[in-house]
Ligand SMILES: NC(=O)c1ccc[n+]([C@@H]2O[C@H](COP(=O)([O-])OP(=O)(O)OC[C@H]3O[C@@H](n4cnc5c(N)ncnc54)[C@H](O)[C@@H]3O)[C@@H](O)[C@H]2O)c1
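Quick setup: one chain, the form predicted on its own, written in structure tokens, and binding and motion questions come after.
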Amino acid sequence: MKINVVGLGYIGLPTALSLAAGGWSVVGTDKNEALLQKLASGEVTFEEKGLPELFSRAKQSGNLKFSSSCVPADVYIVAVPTPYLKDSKRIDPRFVNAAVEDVLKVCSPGAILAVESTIAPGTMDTCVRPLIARAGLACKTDVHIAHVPERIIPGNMLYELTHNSRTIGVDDPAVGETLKTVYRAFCQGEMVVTSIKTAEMTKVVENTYRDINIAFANELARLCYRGGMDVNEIIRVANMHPRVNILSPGPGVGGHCISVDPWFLVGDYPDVVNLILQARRINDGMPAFVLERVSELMEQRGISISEVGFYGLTYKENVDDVRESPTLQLYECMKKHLAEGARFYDPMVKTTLVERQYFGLDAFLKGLKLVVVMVAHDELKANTEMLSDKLIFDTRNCVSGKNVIKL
């Protein structure tokens, strides 16, 4: 079988490389010519542990090619972004729609069209099936559709791609068995075949569950600050109970999954969703809460905004992914309130994203009185002695010392 992976971002590229290294003939498609040029020259397009080595194995296999357009294939895997519409909170399906339309122009009779992109429950019915009908084709005969959502996290993608279970949503169980064979090239986890709508819903529910748990921890942090209590100590002690597992609070929720997917349910079921909406509001409000705490510390210690530095621009530690970054949300909040002037730095980010962004730890720290830890990169934890003369506001509970104030 020939496989065409459409979209070569954080999900599509590792999937294409894993399939090729596992023995399948793979064409990776993306509209971004600059990205394709980098890949053609053997350069990976984002930082991820083990990705260069996987790329090398995939190239050496002779099974991997790249193209700016879809090609005739037996199986298509669509892995393009699925943002949400800020006003309605509903899924913005334009990238999925465009990818499906491109596939339908060239797909072979009986081809399987599997969407890996995370989508709102019902998207395959409301978007993909109508596009197939409009192209004069029929589901279950001309084209077999499936939803196979990814379950991997930046920073540990390749391990999770190999070991996590997979959900395969299909109309026809036989198609599910075919897709099992395809994914078995790299997936060692359990693969469950179910209905398409169940697959759509389970992926969104998984990320929504995590969002709600984080919101509980973040609300505890705000409550404990108001009451003069140590939220981290309270969580540590509470978690000694055998049936309690509270997560750690933080400066917000970022990334393209947890901070996005719950909105699909809010947008589609506004009269039903209450807890999920409140969790989203709590987590989205954390960057502003951090900024309030920073303002209080500045006033208490006589620190000016130019003496404040925010460490970390990515949404989590040891990755270069800045999608929905809490620090960038905080930065926008600062601009809105005319409080620009602080420094920003992240060892994983090589391009300029904000004003007063630094590209070296020494230069960033020089002259600062207050360092706000937004991301717990390994670099920071390995160089805590450089912070000994600074006041540290640690939103990630990753630094210790007399000069450290926790969230």
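Numbers for residues come from their place in the sequence shown, where the first is 1. As the structure is a computational prediction, the values presented were derived from the model and not from experiment.
Beyond what is shown, the protein has a form predicted in complex with this ligand; the following relates to that form.
When you look in the predicted complex, the only residue of Val399, Ala21, Ile11, Leu391 with a non-hydrogen atom within 4.5 Å of this ligand is Ile11.
Contact with this ligand in the predicted complex, defined as a heavy atom within 4.5 Å, holds for exactly one of Phe216, Tyr209, Tyr269, Phe95, namely Phe95. Contact check at 4.5 Å (heavy atoms) against this ligand in the predicted complex: all three of Gly7, Glu150 and Lys203 pass. This ligand in the predicted complex is not approached by Gln357, whose heavy atoms all lie more than 4.5 angstroms from it. Among residues of the shown chain, Val349 is not one whose heavy atoms approach this ligand to within 4.5 Å in the predicted complex.
When contacts are judged by a 4.5 Å heavy atom cut-off, Asn32 counts as touching this ligand in the predicted complex. In the predicted complex, this ligand lies within 4.5 Å of some heavy atom of Ser117. Stretch 24-32 is the answer when you ask which of 349-357, 53-61, 24-32, 375-383 has residues with heavy atoms within 4.5 Å of this ligand in the predicted complex. Contacts of stretch 73-103 with this ligand in the predicted complex, defined by any heavy atom lying within 4.5 Å, are made by Ala79, Val80, Pro81, Thr82, Phe95, Ala98, Ala99, Asp102, listed in sequence order.
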